[in-house]
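Single chain ahead, by itself, as structure tokens, in the form predicted on its own.
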């Protein structure tokens, strides 16, 4: 028997309901903030992610589904959404058009990592990207949007904040951090040794407990911010406080991708084990320019949908639609015709086999319809249809035309 590949799951029945409910809520919230849908290809040039996500990231170094296609192109399945949206933004010359451009997306991403609860090799993300707004108020709006989505889904969270500085303050901090890590270089893990040469700040994100213990006394970027970054971070905290958004500062929060600067944030849950991040993002003002576009301020976030599935509080399910059953073979054509007409306005489920009343109403109850409709020999002769409301148990008989 052929099975699905490890870490690549089917979405069926109840999971599908939760999945589509999430998309509906997140889409509605994003549209209320003035964002528009964008769809980018699943397959992109590998160079796009190497240049944007960064050679030092685990995604590029270990996890991409990368291959040479039949045209000898080096391609990969997208491991995250931001790079593709930025590529589309530049390719459509929107960076040269100026103005403000706001997008949301949802779809499959692919990373070859160890499958675990809420983390798969093919997974789904909902993300938002904003271009052209050089204001910490837009950073705050991103955080508020995530908060609104999680609250509408009934999901509790803790918000963690940090600032990654910019080109004015990062270089001096980078030097201080390198000097600190070199003093304990013999005791750090292989990943941290590699990152020390490629992107030293990423050592702070190491999940190795021994490394985390060593880095407790490492210099803090928040103590090294330039005046501009310090002012922005202070303003961000004030905006969140004024709008009732609670947060905590995490000086080791650096995000897993190389393109972030200034604001970085993560929403975490205490209900999904050690891998607690359920959404995250930040500002990436240099990425458009780095991918050969015009300098454009940008900020965004992404949410892993599978990580949220078990946390979603689904609304109470109400009955909807119609079930039409035939009690005699001669009634099946009538049922088919009535269903075809009724589907122009309503959800209709039919059974193509003639059954008795008891079996039909059992099926109708199982699929959760509100109205159970039946046609037997009496209804054929009279041109009627019998309708039972499964909520209030009332019953009526009406003409086909009235139905």
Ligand code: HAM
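Positions refer to the first chain, counted from 1. In this text the structure is predicted, and so the values were computed from the model without any measurement.
There is another form of the same protein, the form predicted together with this ligand; it is not shown, and what comes next is about it.
Visitor: Considering this ligand in the model of the complex, find the one stretch among 294 to 302, 166 to 174, 326 to 334, 180 to 188 with heavy atoms no farther than 4.5 Å from it.
Guide: In short, 294 to 302.
Visitor: Any chance 123, 259 and 279 all have a heavy atom within 4.5 Å of this ligand in the model of the complex?
Guide: All three within 4.5 Å in the model of the complex.
Visitor: Should residue 103 be classed as touching this ligand in the model of the complex when contacts are defined as heavy atoms within 4.5 Å?
Guide: Contact check for residue 103: no, nothing within 4.5 Å of this ligand in the model of the complex.
Visitor: Decide whether residue 129 counts as a contact residue for this ligand in the model of the complex under a heavy atom distance cut-off of 4.5 Å.
Guide: Yes.
Visitor: Report whether the minimum heavy atom distance between residue 255 and this ligand in the model of the complex is within 4.5 Å.
Guide: Yes, contact at 4.5 Å.
Visitor: Is there a heavy atom of residue 111 lying 4.5 Å or less from a heavy atom of this ligand in the model of the complex?
Guide: Residue 111: yes, in contact with this ligand in the model of the complex.
Visitor: Only one of 138, 250, 230, 80 comes within 4.5 Å of this ligand in the model of the complex by heavy atoms, so just point that one out.
Guide: Looking at 138, 250, 230, 80 one by one, just 80 meets the 4.5 Å heavy-atom criterion.
Visitor: Looking at 237, 119, 158, 220 here, can you tell me which has any non-hydrogen atom within 4.5 angstroms of this ligand in the model of the complex?
Guide: Here the answer is residue option 119.
Visitor: Counting only non-hydrogen atoms and a 4.5 Å cut-off, give the residues of 306 to 328 close to this ligand in the model of the complex.
Guide: The one in contact is 307.
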